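The chain below stands alone and is given as structure tokens, in the form predicted on its own.
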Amino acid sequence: MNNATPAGLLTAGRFACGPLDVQLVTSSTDLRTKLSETFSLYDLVWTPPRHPVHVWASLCRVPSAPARGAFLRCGRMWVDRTPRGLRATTVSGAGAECIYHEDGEEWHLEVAESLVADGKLEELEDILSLVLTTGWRRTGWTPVHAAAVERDGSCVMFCAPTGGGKTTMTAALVRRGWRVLGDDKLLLHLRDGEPEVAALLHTFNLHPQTRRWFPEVGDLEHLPRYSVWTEKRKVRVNDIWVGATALRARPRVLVALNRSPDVAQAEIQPLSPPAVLETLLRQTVIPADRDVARPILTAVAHTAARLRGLRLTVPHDGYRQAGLLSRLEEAFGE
């Protein structure tokens, strides 16, 4: 990989993002701040060797010509495959080109000056997610939008859409002696033919109202929102529940979680094998490119086949109901 720093750019930071070693180079203070904030979220340092990813970021006057989205369309971003790697653009004019190397990736990120002037740097979050997921996939890991807890060798995954209650359920179980791998994002792969999930960060994305159920989290209102898209605050798990984290585990149960104001009591039902697969697929981004999609689908299908499924519907204040978590833990062991 080419490690030379382009003229006018300065090394801005190095970040351990799971199995990746991300080096950021930019001369823009605004880009350095935004990109560093995102990469710093993944604060767990995995054992070397780590996969090298170089990101060169600079400002430009003219927005990038839009990509077609033939490889992937995700949020405010379109991605195409190129002979050398990938090319991505966002709605408001940020663009990135990735060059694949045998030992890593090299990203050239250009951000229209108008995005800085208009305060729209949050659009970069989609491109930075692409940077990380590309590296994770090329190291054999599949990113999954899910939570997971572990206790005494038993690991349970929780799947739900954004705002569906994954963090609250995870925190509720941590209070009962479970250890958390993550409340929103995990990496999945097959080891010796069995699924394994790994932690990327040991923080909770907690809404200030969580204090109603868990007083020990304290007053979260004084903390900054970690994204313009949410009221949630990012809190280190060990700052609240010491020793309540885990790094890797082999999942055995998948819970499709649904928080609903239309039910009075929590409902726990079995989930059929096809529904387990469908649930897990919804939590995974799968590009249109067959070569990239194939290992992702293989990992997800093999994992789903080895998981026992449950569907859990929780009323809005269900965490206050006596016996809910005991019932759920009993269902885990059936």
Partner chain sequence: MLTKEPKTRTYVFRSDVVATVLNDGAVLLDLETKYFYRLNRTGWMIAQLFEAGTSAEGAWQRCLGWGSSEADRAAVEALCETLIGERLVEEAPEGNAAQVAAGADETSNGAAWTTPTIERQAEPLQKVIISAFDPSVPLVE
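Numbering follows the first chain given and starts at 1. This is a predicted model, so every value here is computed, not measured.
This next part talks about the form predicted in complex with its partner chain, which is not shown.
At a distance threshold of 4.5 angstroms between non-hydrogen atoms, Ala249 is out of contact with its partner chain in the predicted complex.
Thr298 belongs to the set of residues with a heavy atom inside 4.5 Å of its partner chain in the predicted complex. Shown alone here, Pro287 lies within 4.5 Å of its partner chain in the predicted complex, counting heavy atoms only. When its partner chain is considered in the predicted complex, Cys74 lines it closely, a heavy atom lying within 4.5 Å.
Note on the partner interface in the predicted complex: the residue among Arg32, Arg50, His302, Arg308 having a heavy atom within 4.5 angstroms of its partner chain is His302.
For the candidate set Thr139, Ser260, Ser92, Thr133, a heavy atom within 4.5 Å of its partner chain in the predicted complex is found for exactly one residue, namely Thr133. Note on the interface: of 54 to 62, 23 to 31, 287 to 295, 261 to 269, the segment with non-hydrogen atoms within 4.5 angstroms of its partner chain in the predicted complex is 287 to 295.
Residues of 135 to 155 lying near its partner chain in the predicted complex, listed in sequence order, are Trp136, Arg137, Pro143, Val144, His145, the criterion being any heavy atom within 4.5 Å.
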